[in-house]
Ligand code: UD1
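Before any questions on how it binds or moves, here is one chain, the form predicted on its own, in C-alpha cells.
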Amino acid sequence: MDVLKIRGGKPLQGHISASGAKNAMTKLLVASLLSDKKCTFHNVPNIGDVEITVNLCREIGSEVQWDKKNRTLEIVTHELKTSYVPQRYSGSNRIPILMIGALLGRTDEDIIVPTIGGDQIGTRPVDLHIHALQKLGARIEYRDMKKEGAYFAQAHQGLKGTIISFSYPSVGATENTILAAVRAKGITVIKNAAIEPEIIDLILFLQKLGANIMVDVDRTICIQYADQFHEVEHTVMADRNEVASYAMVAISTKGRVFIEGAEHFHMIAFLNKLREIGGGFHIKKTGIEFYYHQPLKGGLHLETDVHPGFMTDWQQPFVVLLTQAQGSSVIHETVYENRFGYTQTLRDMGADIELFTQCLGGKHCRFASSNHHHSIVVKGPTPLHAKDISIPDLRAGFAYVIAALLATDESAISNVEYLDRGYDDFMHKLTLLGADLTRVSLPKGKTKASLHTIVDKALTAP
C-alpha cells in the first residue's frame, strides 16, 4: 500500500503541462481493434487505466510499443488470437464492455468479456449498451462464470445499420454503438447520443481510420459502414479532468498555475462556474492560467450534467473549492446517484456540508423519486484540518489531495493507487508547483497503529 504524506498551507504556483485524456486514450486503444492497420498515438498518459487497457489489447492479439518517456504508443492488431477477455479483468475498469462493439465486426467467434468495473460512484448499467448492440444484429447474453459473470456476444449473420434512440445520453453506450456501427452494413443513426469531447476525439480518430461519421446539432450521430481502413497517427486530446483539478489546486490554495495545453473549448462550463465564484483565469495561446485574486464568493447553484453541462468528474474538487468561498452554495448531482459519499471525510476535516435526498435544482433528474443523497449545501469559508484519509475513488481522491493541501497540518492519504489510475505523473506535477508531499510504500499487514505513525516509521527506517 502506498501513502501520501501532505503538509498543507502553501500557495501552489508554477507551470505544468496537460496530459492526454484518460477517457479518450483508453477508448482509442479499443477503437484501434477495428482494423489490422498500425495506429500511432501521441500525448499518451502514463496512467493505470491505460496500462490495463494495453494489457487487455495484448491479451487478444495486439502488438504494442509504448514509449512512456516520449508519450508515444504504437498498436497494431494483425489478427485476433482470441476473443475471450479473461476473468481477471473483471471489475478492473469500464473498458471490457467496449470490446464487444469493437470486435463484433472483426470476428465470427463468440466474444466473451467480464463484468463492468470502475469507481464505486453509483451503478453503471449496461442495458443501453446491450439494447443498442442487439438492434444492430448482435446476440448478447449474461452468464455466471466462476465467481463473476460475463457477457457472451456474437453476430454470425453480420451487423446491419439501424436507428437507435437512447433514453439517456450515456457516454459508454454511445461509444460502444459507434464502434459496432462502423462495421454494420448500411447506415446507423444514434439519437440522443452523448457528445462529450472525448467522443468527438474518438470520431476524429475513426474518420482518419476510414469511417464516415457525422455529428448533428441535436445529439444525432450517423455512421456509415466501412471496410477499407488506413494507418493512423493521432494526438490525444488534453485531459479536461486533470486541467480542472489543477485549476482548483491553484485557486483554493491562493496560488497561480499555468497549464500548457489546456483547451478553452473543452472547459467552457467549468470556467463559467469558476468565474461566478470569483476564481481567476487567463486564456492564453498555449494554455490557460488559473489564479486566486480575490476572496471567493458562494451563492452558487450548480447542477452536474452531460456535455455541454458541468461535468460530474469536476464536482468533487469543486466542492472543496466551495468550502473556501463565503456563503452557501448548492450542488445537485444528476449523473451518478452515489457520488457524495466522499463528503463525510471533508466534514470530518471541518467542512460544513449538508446532504439531501431531494433534487435541489430544476434539471430533470433520474434520482428524483429515489432515496439517494444527490444534493448538498456547502457553507464557507471553513478552515480544513489534517486527517488520515482513505481514497474511495479517483475523483474523490484528488479532492482529498486538495483538502490536504489546504489543511495547516499534515495529512496521510492511503489508497494512492486510485490516483495512479487517472492522474499522469501527479507527484511530479504537484512537487513542481511547490506542494510539500512525500509518497511512502508501506508493508502489507494489519496494525493497530495510526496511518500517520506507520508512515513516520517507514520514513525513518534505515
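None of these values were measured; they are calculated from a predicted model. Residue positions are given as counts along the sequence shown, with the first one as 1.
Not on display, but discussed next: the form predicted together with the named molecule.
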**Asked** H129, G172 and M311: each with a heavy atom within 4.5 Å of the named molecule in the model of the complex?
**Response** yes
**Message:** Contact with the named molecule in the model of the complex for E289, defined as at least one heavy atom pair within 4.5 Å: yes or no?
**Reply:** no
**Asked** So in the model of the complex, does Y168 come within 4.5 Å of the named molecule, heavy atom to heavy atom?
**Response** yes
**Prompt:** Heavy atoms within 4.5 Å of the named molecule in the model of the complex: does Y336 have any?
**Reply:** yes
**Message:** I'd like to know whether K379 contacts the named molecule in the model of the complex, with contact meaning heavy atoms within 4.5 angstroms.
**Reply:** no
**Request:** Look at the stretches 356 to 364, 328 to 336, 279 to 287, 134 to 142 and give the one with heavy atoms within 4.5 Å of the named molecule in the model of the complex.
**Result:** 328 to 336
**Prompt:** Exactly one of K273, R183, R71, R94 has a non-hydrogen atom within 4.5 Å of the named molecule in the model of the complex; which residue is it?
**Reply:** R94
**Message:** Going through 9 to 25, which residues have a heavy atom within 4.5 Å of the named molecule in the model of the complex? Please give them in sequence order.
**Reply:** K22, N23
